[in-house]
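One chain comes next, on its own, written as structure tokens: the form predicted on its own.
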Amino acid sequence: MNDVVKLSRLGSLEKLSARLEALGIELPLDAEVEPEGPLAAPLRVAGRTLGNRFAVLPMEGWDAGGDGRPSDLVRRRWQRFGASGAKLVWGGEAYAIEPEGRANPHQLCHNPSSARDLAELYALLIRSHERHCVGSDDLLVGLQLTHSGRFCRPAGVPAPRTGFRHPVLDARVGISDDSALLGDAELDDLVGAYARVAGLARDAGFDFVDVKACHGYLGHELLSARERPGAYGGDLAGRSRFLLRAIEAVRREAPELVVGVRLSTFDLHPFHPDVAGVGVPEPSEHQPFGGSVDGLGVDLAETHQLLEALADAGVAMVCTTAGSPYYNPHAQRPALYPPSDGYRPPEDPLVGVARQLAATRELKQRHPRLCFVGSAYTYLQEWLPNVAQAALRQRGADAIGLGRMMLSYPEMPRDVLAGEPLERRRVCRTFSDCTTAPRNGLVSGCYPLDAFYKRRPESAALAEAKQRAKRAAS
């Protein structure tokens, strides 16, 4: 879009408010951030009291060993999560429940050393937190359990395992027949895999697990399996059966654990770049979960029904997100700069932020049994604390999740809560290099703003990959 205004140019509250008005959207916005205000308030979750309202969101790493074990890069990231000052670490990292369920060959996954590895990562995070913050008794740490489903790439090439046939997405991962479909018996086996890894997480010291249901991965995709026959498709009861059975199995295996679900609360049609490189929808007759019949709007009717079922199943927390990084990233993680294989945003990214915050607010106010962690805040950059504080004050969320910002500026929560000015040079500008690098086989990290990654040899390889993509698009 040519009319997108960079947030860094909106140097005053008045200019930001004027921009929101021009776009016809609303965001909660406080003029001043109070160090002892809503962001610093304690939060009660499942009988525990958390020390503040900041959360570290789970991310998918591309820098573990080929055997799924942590590397020094993974350890560094977890130490930084602990040092952030956030009192809720939601997953920290996407942990595949089996090697074949990885989205890339260097993702953490279940392996013969998982028990030792998870205990090490948990201990690293706790020690780092205690070194930089005041105690860890008010800290809640979880592990995100995932299976990548349609987007499995355990050897670096597509090896999809899908919940149903999708006319657009099948073609994108090379599916031309039913061979990639997971049968009911295979899904039953995967339910057991979630429980086994949850038991390992409990033994390692984790407080909760996230049974992941977002971003087009298996737990999320099945929520849209309207045409799938059998126990795991059809009506919402069938489409949510896999998720609910996985939760039931986790609670049976590890009743001590709190259970959370990171949920794509709505989805849109897949998008692709037009001749100008701007994202446009690729329509199909498929109606996505949480999406309108035309696939371009939001319809939360089924989302409300699912949340009631999750609460009945004993889920304590829901971390809201939307869409998928693979087929509609502008809805999932609003950004001004797309990854090299993406598309330019079809809307001002502020519109995407407002869409997610509005959905989270509606869901929170309808489902008081659940604790809601909101996301999509990183694009707000310097204005993130002002919007986050106002969202909490207006009961639009219970906690504020930070994802990409944790890579460039993990200490942001500490600085905000201490009343310190933000370090502008470290604020994430959504350059998307943390996605472009892995898409080109390089380790994940913030290359533009983290000096550690700037000095690595992959930095030059990333620059060359971006130039190749630029030449190919011209």
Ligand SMILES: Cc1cc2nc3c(=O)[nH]c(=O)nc-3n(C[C@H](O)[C@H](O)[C@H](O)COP(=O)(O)O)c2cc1C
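Please read all numbers here as calculations on a predicted model, not as lab measurements. Numbers follow the displayed sequence, beginning with 1.
Although not depicted, the form predicted in complex with this ligand is the subject of the following passage.
Name the single residue among Leu43, Cys434, Ala64, Met412 that comes within 4.5 Å of this ligand in the predicted complex, judging by heavy atoms. By the 4.5 Å heavy-atom cutoff, the listed residue in contact is Cys434.
Counting non-hydrogen atoms within 4.5 angstroms of this ligand in the predicted complex, say which of Leu187, Leu223, Leu336, Ala94 makes the cut. Looking at the other structure, the residue within range turns out to be Ala94.
Give a yes/no on whether Asn104 approaches this ligand to within 4.5 Å in the predicted complex, heavy atoms considered. Asn104: no, not in contact with this ligand in the predicted complex.
Test of understanding: in the predicted complex, would Gln144 fall inside 4.5 Å of this ligand by heavy atoms? Contact with this ligand, yes.
Given that the partner is absent here, does Leu422 sit within 4.5 Å of this ligand in the predicted complex, heavy atoms only? No.
Is there any non-hydrogen atom of Pro70 lying within 4.5 Å of this ligand in the predicted complex? Residue-level check for Pro70: no, no contact with this ligand.
Where does this ligand sit in the predicted complex: which of 157 to 165, 394 to 402, 134 to 142, 112 to 120, heavy atoms within 4.5 Å? Selected stretch: 394 to 402.
For the stretch 57 to 78, which residues lie within 4.5 Å of this ligand in the predicted complex by non-hydrogen atom distance? In sequence order, Leu57, Pro58, Met59, Glu60, Trp62 come within 4.5 Å of the partner.
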